[in-house]
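Take a look at this one chain, the form predicted alone, written out in C-alpha cells.
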Amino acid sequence: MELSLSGTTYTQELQVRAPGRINIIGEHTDYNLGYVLPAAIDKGITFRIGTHSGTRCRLDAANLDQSYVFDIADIPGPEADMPGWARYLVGVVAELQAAGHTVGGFDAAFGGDIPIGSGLSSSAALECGLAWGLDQLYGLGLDRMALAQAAQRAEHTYPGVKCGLMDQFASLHGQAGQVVRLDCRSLDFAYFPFDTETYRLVLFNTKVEHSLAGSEYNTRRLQCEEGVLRLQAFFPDIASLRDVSPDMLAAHAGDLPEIIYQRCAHVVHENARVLATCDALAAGNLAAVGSHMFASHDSLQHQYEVSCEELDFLVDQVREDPAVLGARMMGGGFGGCTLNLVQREAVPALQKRIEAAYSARYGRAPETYIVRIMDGVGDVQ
C-alpha cells in the first residue's frame, strides 16, 4: 500500500510493517497468567511515520480516509471524543509518555489488510507498529517485551479492553515458520517449528464482527477472578488460575457456582492443552495438534461460552473431513474466524465446499484466508 504523509518537512521517516496474529491454541488463558501459542502472520498494517520539530501529532487512517490530530504536549485522555481506531494509537503515545519516554511531534499514515473484527488482532498490530516505530525514531531503547507491555496498557486504558499480553507479544516477537509459546506469568517464551507446507493454516471468517469492549470479554475475566478468590479458601497460595491443576479444580467443583466452575474448567484444561500441543509439535505429530484444537473449540463453546452459531457451524462442517486435522474458533469470541489445519492439496476443494455450505445456511459467503507464519514488527526496506 502506498502511504503518504501530509507534507511537513520531516527530520526522520520510517516505514513499519506490523503483523496480525493467529493463536494455535491457548484462548482466554493469557489474562489468567497461563500459556498461549501464537504466531505472527502475513496480514498486517503498514505505517509511514515522520518526525518533526513541532508538537502536533497527526494520524491518518488510509483505509478509512479519516484523520485525527492532537498535541503531544496535551494528549487527550481516554474520556475524549475520538474515532475508535485512534484510541489504540493515542493510548500508545500516552503510555510511552507516562513511562517517562520523550516523544515529540510526528505524523503517521497507516493502512493494511487485516479484516477488522476477524480475531486476527488488528488492534495489537496498530499499537505495536506505532510503538516500535516511535521507539526507533526517538531512540527510546525499549526492548520488544517492554513495547508489548506498553501496547497492552494502552488497550486497557483507552479502548477499555482488559486484554492479556498475547496479541501484542505475538505481533512483536513473531518468527517466520515458528509458533511461540509464551508463559504469561514469567514471560519466558520458546519457539516451535510449524510445518505450513504439508499442511496449511486456513481461516474462515464468519463476517460476524465483534467488539471486545462491548462483549462479555471483561465479564469472563471477572468470573475467572471470582473463581480464584473462591479457590483460595482451599488453596491459599494460588494467585491465578495458572496455579490450579485439573485435580485441584475437580476436588472443589461443588464449592463453586456452576458458571464459575465452567469458566475455570476451560482455563485450567486449556493450559494443559497448550503444553500438550507443544509436545506434539516437538514430536512432529500434527494429528495430535489437530485433536487438541477441536477440544479447545468444544471448551470455548460449552464451558467458556464465547463462541457463536456461525463459528460452531464452520467447525462442525470440518469435523469428519479426513483432510482437516483440527479446527477451532480463534480470538476473543462472539464472531471472527475459525482456524483450520488442512492438507495442502485439499485446500481448494475444502474452500469451495465450506463457502457453499455457509452461503446456503446464512445467505453470505465466508471470507477465506490462507496464512503463512511470518516475522514480527519491523521496518520495511
Ligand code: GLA
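Since we're looking at a predicted model, the values are computed, not measured. Quick note: we count residues from 1 along the sequence shown, nothing fancier.
Quick note: we don't show the form predicted together with this ligand, though the next part is all about it.
Here is the short version: of 163, 203, 96, 274, the single residue with a heavy atom within 4.5 Å of this ligand in the model of the complex is 163.
With the partner omitted here, the residue from 34, 331, 326, 38 that has a non-hydrogen atom within 4.5 angstroms of this ligand in the model of the complex is 331. This ligand in the model of the complex is not approached by residue 355, whose heavy atoms all lie more than 4.5 angstroms from it. Among heavy atoms of residue 321, none comes within 4.5 Å of this ligand in the model of the complex. For the chain shown alone, residue 138 is not a contact residue for this ligand in the model of the complex, no non-hydrogen atom being within 4.5 angstroms. Contact check for residue 48: every heavy atom lies farther than 4.5 Å from this ligand in the model of the complex. Partner contacts here mean any heavy atom within 4.5 Å of this ligand in the model of the complex, and among 62 to 70, 342 to 350, 22 to 30, 308 to 316 they occur only in 22 to 30. Contact annotation for 246 to 282: no residue has a non-hydrogen atom within 4.5 angstroms of this ligand in the model of the complex.
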